[in-house]
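Following this are structure 1 and structure 2, which are two forms of one protein chain, each written alone as structure tokens.
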Structure 1
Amino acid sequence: MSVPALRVSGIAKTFGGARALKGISFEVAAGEVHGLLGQNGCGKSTFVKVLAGFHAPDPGGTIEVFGKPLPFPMPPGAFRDYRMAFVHQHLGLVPTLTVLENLRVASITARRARVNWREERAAARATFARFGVSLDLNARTGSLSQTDQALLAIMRAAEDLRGADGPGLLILDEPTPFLPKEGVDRLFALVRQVVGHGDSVIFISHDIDEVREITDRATILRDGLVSGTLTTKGSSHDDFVEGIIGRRIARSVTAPAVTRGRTLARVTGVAEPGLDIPALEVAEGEILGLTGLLGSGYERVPYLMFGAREATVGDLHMGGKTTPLRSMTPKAAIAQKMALLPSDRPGASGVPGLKVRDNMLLLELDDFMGRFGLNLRAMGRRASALSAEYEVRPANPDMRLGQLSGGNAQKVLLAKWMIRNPDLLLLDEPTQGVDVGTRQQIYRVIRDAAARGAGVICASSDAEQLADLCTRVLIFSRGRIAVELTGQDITKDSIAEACYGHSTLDVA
């Protein structure tokens, strides 16, 4: 048998007193796509950072890459000598740089000579040609779609591998949570090309269907240990769920059709480029899903209603008041008891450098203001209680938000909004990057809010999530509401059918 791409033996990592990895061992065969799965905070990204030399593991374990043992600590950038390349969680692109600069940054900084931009440009074009992708080299990276940014990050990493002699190992830490289905398909085509060149890939994702589609085998971590390695072909969805959370879960059935309550909020007359909504309303107790293909416009609605996105025309009617959307502001929205949980895009929804405590209580500071300033001790107590209630792990409100795993950070931000008991809860991809167990927990919080009469609007590209959660779903096509599904008619398939049936031209 050939040398495995990766052989991990007894790797542990402790942060302060907390053991994120408790001694994991597994192998990635040469030429395979290997999944790495597990609940939020189980140590996936920590392991990736050990491979990259960003964290040194606790003494004792060993890692061999293509038969060569890694030294610990590893010098910065040395992972290249071991034929590894990475796409870290949140992609690691610099949004203010151009596509060209991001693509060529590694080779430019490695050379230390004057940059010949003509050559760089030619090299970038050659890369694009090889992968059959075309992006504007001069575009600011931050202005690209999420899909294009993910493709760029992966092409850059794949290029890093080409410099090496011999096959390499490409590590992708959750590259897909922002992507619509079309984006995932394009990315998988790229992964297959990489494997076609003889390289191996580690693919981290919470999406079991994706893992089953692209991987050959998958290793599952649970509580800092390996709970098992599955051969993808021959393993069912439930086998994966059981590996991840330790038991099977009953598939949640579609919520029974409820009689609709009173109208809680209505938007009318929205008309802007690519979006045309004469009227859209949500009732008390209703969980309204919004979906469609990429570019169909549905994902803008929560931000427009919250005043987090500039509008020109249209009105919001709520609580007996009519407000022109163009004069809505987040501050006014909060005063009207609205809450917006943006999707977990880097920096969009929380302040990574601030403590969990401060992120959670950012909107409640008035309540903690005493004669001598903020009562930090009371804030700490409140934040601890909330961390326990929302099962944030670790439940330590003094940690910085950026030190939490992605899914746990999402729980902190959900808590931040839910403690305000919003009347209208606006969500954008609420369970992006969240594991199957936590997903159920977030659903429960959302259902509880609806049960006490709040209206919920949930923009999501995940048909299964909409089917599990929503009492009504609107499917957008080219900026308009094309299909409405209610009650028993809401299924994963009916949603997908409505999305694809209505337009294939939305894809930019």
Structure 2
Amino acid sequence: MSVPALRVSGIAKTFGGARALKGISFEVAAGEVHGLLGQNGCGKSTFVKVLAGFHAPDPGGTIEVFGKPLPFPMPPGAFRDYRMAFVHQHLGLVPTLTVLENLRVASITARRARVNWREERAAARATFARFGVSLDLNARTGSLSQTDQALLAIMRAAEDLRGADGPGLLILDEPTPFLPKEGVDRLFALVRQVVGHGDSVIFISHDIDEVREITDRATILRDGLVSGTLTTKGSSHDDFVEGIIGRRIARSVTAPAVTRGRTLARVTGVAEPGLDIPALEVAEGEILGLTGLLGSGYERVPYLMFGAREATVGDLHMGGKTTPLRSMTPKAAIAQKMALLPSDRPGASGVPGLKVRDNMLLLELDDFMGRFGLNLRAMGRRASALSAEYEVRPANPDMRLGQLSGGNAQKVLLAKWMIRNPDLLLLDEPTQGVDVGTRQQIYRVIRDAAARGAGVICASSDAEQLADLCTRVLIFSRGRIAVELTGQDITKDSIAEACYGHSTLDVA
């Protein structure tokens, strides 16, 4: 048998009194794509940082890459000497540099003499030819699509491995959450070529279906331990779910048919560039899904309704009041008991530099104001109770929001809105990039809000999420509502078929 690309034995990592890794052991075979997945906080990020030399593990464990033991602590950048390359979610590209400069940065910076740009261009074209990708070498990287930027980052990492002495190990850390489906397909084709050239790949993801599609085997982490390694072809979606959260969950295939209640909110006369909505309404207790292909316009609706995106025409009818969308503001929306959970958590949903306590209670500060200012002790008690209720891990209201995993930060921000008991809850990709356990917790909060009579509008590119959650789904195409699905017609397949079936139609 060949030497494993990676052998991990008894790796542990302790931060203060908390053990993020509790002695994990697993192997990645040479020439395979190996998945690594688990809930937020399970230890994936910590392990990747150990592998890259950012963290030194606790004494006692070992890591071998192609049979060669890693030293601990590992000097910065030394992972390259052990035939490893990393592509993280944020890719590590410089948007103001050209495609050529980003692709060939290692060669360019290594030169002591003047750069021979003719040679660098020839090398870049050879790389593109090797992987069957075509990009404009002179384009600014920031002008590329998210898909093309991801492909560029992976090709650069693969070229770094090519210069190593023997096959290498490429670690892809959550490269797909912000890619459209066609972008994921292109990325997976590139991954298969990397493996076809003799290298091995670790694919880290929250998306079970993506892991099942691209990997040969997958290791699941739970609470800092390895809960199991599955052979992908012989394992079902539910097998992965059980490994991730420790139990099987009942997953509805279709949403039940319901009788719609009284109309809660109605939008009329929206006519923006790329968006034309004569009418859209949500009823009390309804979970309404909005979806379509990338650029179809559905994702703009929650922001227009909340006043977080400028509108020129259109009206919102809610609570017996008609408000022109051009004059709607977030302050006015909050006063009408509306809530918006944007997809951009660090940029628009919360304040990463503030504590969990402050983010949770940002809209409730008046309730904690006393003669001498804010009652921080009372805020801490309230935030601790909310952290327990919403299962925020770690349940420490004094931590900064930016220190939490993405899924736990999302719980904090959801709690911020739900304690106000909104009548209309507007969501944009509410479970993007979160693990399956956190997803089910978010579902429960949304369903509870609808059960008490709130209306929910959920804009999402996740067809499975919409099928599990929604009582009605509107499919957008070219800025217009093309299809409405209800009751038993709402399935993952029917949503995907409606999206792609109307992607080239000019809907009247």
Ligand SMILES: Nc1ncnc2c1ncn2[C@@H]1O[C@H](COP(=O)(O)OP(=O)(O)OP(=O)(O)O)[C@@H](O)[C@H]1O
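Here, residue number means position along structure 1's sequence, counting from 1. The structure presented is a predicted model; accordingly, all values stated were derived computationally and were not measured. Each form is matched to the other, and the largest set of C-alpha atoms that superpose within 1.5 Å is called the rigid core.
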Structure number, where the criterion is the form predicted alone: 2
Core fit, then S494 C-alpha moves 2 Å or more between structure 1 and structure 2: no
Core fit, then F476 C-alpha moves 2 Å or more between structure 1 and structure 2: no
Fitting the rigid core first, would the Cα of M338 be found 2 Å or more away between structure 1 and structure 2? no
Taking the rigid core as the frame of reference, how far in Å is the Cα of K49 displaced between structure 1 and structure 2? 2.9
Looking at R121, what is the CA displacement between structure 1 and structure 2 after core superposition, in angstrom? 9.6
Cα of P73, core superposed, displaced between structure 1 and structure 2 by (Å) 4.5
